[in-house]
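The data below hold one chain only, encoded as structure tokens and taken in the form predicted alone.
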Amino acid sequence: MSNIVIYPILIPLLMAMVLVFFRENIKLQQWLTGISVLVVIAISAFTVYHVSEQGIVVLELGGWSAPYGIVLVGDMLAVLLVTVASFVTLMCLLFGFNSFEMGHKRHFVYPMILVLLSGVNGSFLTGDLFNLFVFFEVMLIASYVLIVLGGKKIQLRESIKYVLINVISSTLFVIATGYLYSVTGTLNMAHLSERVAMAGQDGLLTAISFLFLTVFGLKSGLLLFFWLPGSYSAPPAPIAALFAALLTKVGVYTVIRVFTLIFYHDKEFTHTAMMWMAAITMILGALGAVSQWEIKKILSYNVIVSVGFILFGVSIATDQSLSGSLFYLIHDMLSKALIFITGGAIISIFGTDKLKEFSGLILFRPLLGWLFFIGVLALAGVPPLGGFVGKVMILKGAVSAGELIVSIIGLLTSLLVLYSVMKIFIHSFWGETLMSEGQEYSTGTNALLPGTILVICIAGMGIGAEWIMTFISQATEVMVNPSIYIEAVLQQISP
């Protein structure tokens, strides 16, 4: 049964290889891509159930035991994120099937999306730092291709910045990993946790942990987010939705994993630094969002604000705040997919994302308008949607820990987020209808099915929060008590 954790990595990777041989048969590519992602979702959902009943699943690859061999670890945190990531990918595909240009389809957009999904799932499931780097690179290589598909001038310009930033962060990742290995003699995360605890997190290890925080900050958009608004505005709308829902979230996941499992002994330094980085991220992201008048830029800055808010909860590091961060992380993956898909549909109808150049869409696309509006409420954390539950838990945990200033910053930036996305809703859907006949009958309808499904899920997270919390609590238990993860990895394999 432990083999089950490799399928979310293997299935999309193998299917991507198969699709390369069917370059001209677009329909077949779409069917095979959709079916393979559906299979991954089904397997991932079953793995969530299995982990909830049987505990952490550990797969030893190549017959080598931890800490010497490669292991995949399916704890509740990892398998929940694998399931949501695969589901969000399917929603972006449903939007993309009729949105991608024929040139995109013939230049391997579907194989690249599957490779990206494989890298994302591998990053969630790997049990050692070196393979985390490998899966990061798999994900990034696919994203390099996806961001330039179409070959527009803005894509080429932003891709240079995107690739350069990721090359720098990957280099720093290797340096940090090398330093950590030289000090501890291992890269297995469970073994690292043991070694760091035994040695005590002295000045050198704390310095290394800060280097990791810088690396993951670059990848997730924590404080070092200057590259993100431009890069996420460049690719086609379905790819932008996929990037917004998944890529920064992998960076967020690595911060959660590394700073709850390995570097949790010097919270006064590392977690305090993380908290103020998160606070500055929220402020600058929110100011960037309200200052923009282009849909893509507004939505991209909102990605930054949510990264800051989630990692604010992680920095508090209490049971309640960590549960809130994980709950909000899952909700944010769904809501970012929704807002980018519906936002992409608006742009496709008008042919521009400049808010001052259009209005009055509600008359012709009422369902699209209300789906976007629910996405707005979800981002702001309005009840009964799922974001409200996560935000309340993070803020309650922060207030209990005495962090009132950053809590107020979190509340104020939420209001700015609401203002920024309401600006899109009001300017796009209300006012005088400034549409030509062609625009009135242009589609935009390909966003309705995935948008409706995502709205149901987001509402379901709020209404069924108590049931979802049973899984969140199991994930949080491992975060606040790393010995559960260590025992599962080191003792299960080497009894």
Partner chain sequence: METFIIIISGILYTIAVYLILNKNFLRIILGVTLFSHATHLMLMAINGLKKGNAPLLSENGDIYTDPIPQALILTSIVISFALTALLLVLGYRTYIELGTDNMKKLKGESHE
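If you're wondering where the values come from, they're calculated on a predicted model, not measured in any experiment. Positions refer to the first chain, counted from 1.
This next part talks about the form predicted in complex with its partner chain, which is not shown.
- Interface residue remark: Phe87 is not counted as part of the site for its partner chain in the model of the complex, having no heavy atom within 4.5 Å.
- Of the heavy atoms in Lys356, none are within 4.5 Å of its partner chain in the model of the complex.
- In the model of the complex, its partner chain sits within 4.5 Å of a heavy atom belonging to Glu137.
- By the criterion of a heavy atom within 4.5 Å, Tyr419 is excluded from the residues contacting its partner chain in the model of the complex.
- Per the 4.5 Å heavy atom criterion, its partner chain in the model of the complex is contacted by stretch 175 to 183, the sole one of 408 to 416, 221 to 229, 94 to 102, 175 to 183.
- With the partner omitted from this view, the residue of Tyr144, Trp293, Trp370, Phe364 that lies near its partner chain in the model of the complex is Tyr144 [heavy atom within 4.5 Å].
- Put simply, of His107, His265, Lys396, Arg157 only one has a heavy atom within 4.5 Å of its partner chain in the model of the complex, and it is Arg157.
- Counting a residue when any of its non-hydrogen atoms is within 4.5 Å of its partner chain in the model of the complex, the hits in 145 to 175 run Val148, Gly151, Lys153, Ile154, Leu156, Arg157, Ser159, Ile160, Lys161, Val163, Leu164, Val167, Ile168, Thr171, Leu172, Val174, Ile175.
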